[in-house]
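The chain below stands alone and is given in C-alpha cells; this is the form predicted on its own.
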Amino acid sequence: MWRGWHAIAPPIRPLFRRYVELGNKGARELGFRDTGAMWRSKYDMPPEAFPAEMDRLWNQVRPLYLSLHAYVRAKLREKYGDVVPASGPIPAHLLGNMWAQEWENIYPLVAPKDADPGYDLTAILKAKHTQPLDIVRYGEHFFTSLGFAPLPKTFWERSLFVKPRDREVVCHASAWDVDQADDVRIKTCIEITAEDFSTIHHELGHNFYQRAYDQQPFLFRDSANDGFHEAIGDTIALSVTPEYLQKIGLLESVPDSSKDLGLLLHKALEKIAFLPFALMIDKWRWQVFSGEIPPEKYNEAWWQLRLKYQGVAPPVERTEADFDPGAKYHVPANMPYARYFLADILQFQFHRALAQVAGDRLNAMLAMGLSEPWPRALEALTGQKEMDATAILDYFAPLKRWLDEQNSGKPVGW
C-alpha cells in the first residue's frame, strides 16, 4: 500500500532540498545566516545562544527521561522478548505512535499493578448526559473562576463545536483569533470523552490568552514567545485533576493517593516521552539549514539524533533512499517545533507558580502579550526570569522514585 502511494505521489526529498535552498536565500536577504538562525532569533537572545538554552533545559529533565525509558524498555522486553534489547535503544514501532513521540498508547502494557485511577471521566460524562456545549462551559467556568471575563456571544455563535452532518471538516482542535480583537473561536468536533474534556480546556487557554492581550498595539498581540501560547493551554489542561473534577461536581470524592502513581505514569508517557522528540526535530533542521547535515545524509543524521536524544531505533533498515523526516507534518510544512519543547517545560513552571498565586497574576502576564521580552513576562507570573525544568521534576518526583526502584539492577541508557 505504501509503495503504491509513493509511486504516484511526487518524491518529497528533492522538493525539501529545494525548499531549504529557497528558505536560506530568503533568510539571508533578511540579514540572517540561514533559516534556522532566523527561527531562533525570536527568543530575545542571540540565535547562536538558543541551542545551548535548549540543551540546558533538556539536561535538567534528562535523568527522568532515562528512568522512564529504562522502565518502558524492560516492560516491552517482557512482552516482546529479544526484539527489545536489554540495554540498547527501543524499536520505535513498539511505542504506540507513528513517530514514537508520545507513548501513552502503550500504557496498558507498562501500567503498575493496581493502577486504576479510581474513576472513569468518560463514563461519568456520559452517565450525566453531558452535551458538547456543556464541556465548553465547564472550560469557560475554569477561567471565569480565576477572574477572567466570560467568552463573548460571538464565540458561541461562530465556533465549530460538533462535526457537521452535511460536509467533511478537519476536526483537529484549534483556537482562532479572527480579528485580533474580540472575535475568538474554536474549531473542533467534540466527543463526550475525557480526552476532549481536557482538549477543550487547552484550546480555551489560547482564546483567553488572545483576549488578554487585545489592548496591546497590533504588533504586540501575541504571546511572549511561541512556547508561551502552547504552554498556557497545557497548563490549564494540567489542572484538570481529580480535585478539580470534584469541585465542579463531576466526582463525588477524590481517589486516595495510592492512585496517583498510575496517573503520573500515564502523564509521563505523554509529556516526558515527548521532550527529546520535540528537541531533536529542530536540532535536525537547524543543522540542515546550516549545511552541517548535507542532503546526502538527511536520513542518516535523522536517526542518529533520534538515537542520541530518544534512545529509539528504526524497526527496519533505513537508507538515504528513504526520507523519514518528511513523514512528520511540521517538517515539510515549515513549522518550527521548538515551541512545543518549550511549552512542555513552561507549562509545569507555570503550573507550579499558579498553585501558589491567584489568577490576577496569570491575567497580568497574558495581558503583556509580546510587548516585553519573554523573561519579563515569565517573571511576572513565576518570579523567575529563566525557564526552569525543575518544576517537571517536582511534579513527577513520586514517579521518579518509583521508576528508580523498578529499574534497580537493570541497565539505564542505551
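Note that the coordinates shown come from a computational prediction; the quantities given were computed from them, not determined experimentally. The first residue of the shown sequence is 1; numbering continues from there. Rigid core (definition): largest C-alpha set, two forms, superposition within 1.5 Å.
From this point on, the text means the form predicted in complex with a small molecule, which you will not see here.
Y340 is the sole member of W286, F228, Y340, Y209 with a non-hydrogen atom within 4.5 Å of the small molecule in the model of the complex. Put simply, of A173, L245, A301, A313 only one has a heavy atom within 4.5 Å of the small molecule in the model of the complex, and it is A173. For R221, no non-hydrogen atom is located within 4.5 Å of the small molecule in the model of the complex, even though that partner is not displayed. The small molecule is not drawn, but in the model of the complex it has no heavy atom within 4.5 Å of D282. At a distance threshold of 4.5 angstroms between non-hydrogen atoms, H266 is out of contact with the small molecule in the model of the complex. At the 4.5 Å threshold, heavy atoms of H202 reach the small molecule in the model of the complex.
From the list 150 to 158, 115 to 123, 78 to 86, 165 to 173, the contact stretch for the small molecule in the model of the complex under a 4.5 Å heavy atom rule is 165 to 173. After superposing the rigid core, the Cα of I186 is displaced by 2 Å or more between this form and the one not shown. Once both forms are overlaid on the rigid core, the distance between the two CA positions of S174 between this form and the one not shown is 2 angstroms or more. Taking the rigid core as fixed, one finds a CA shift for E195 of 2 Å or more between this form and the one not shown.
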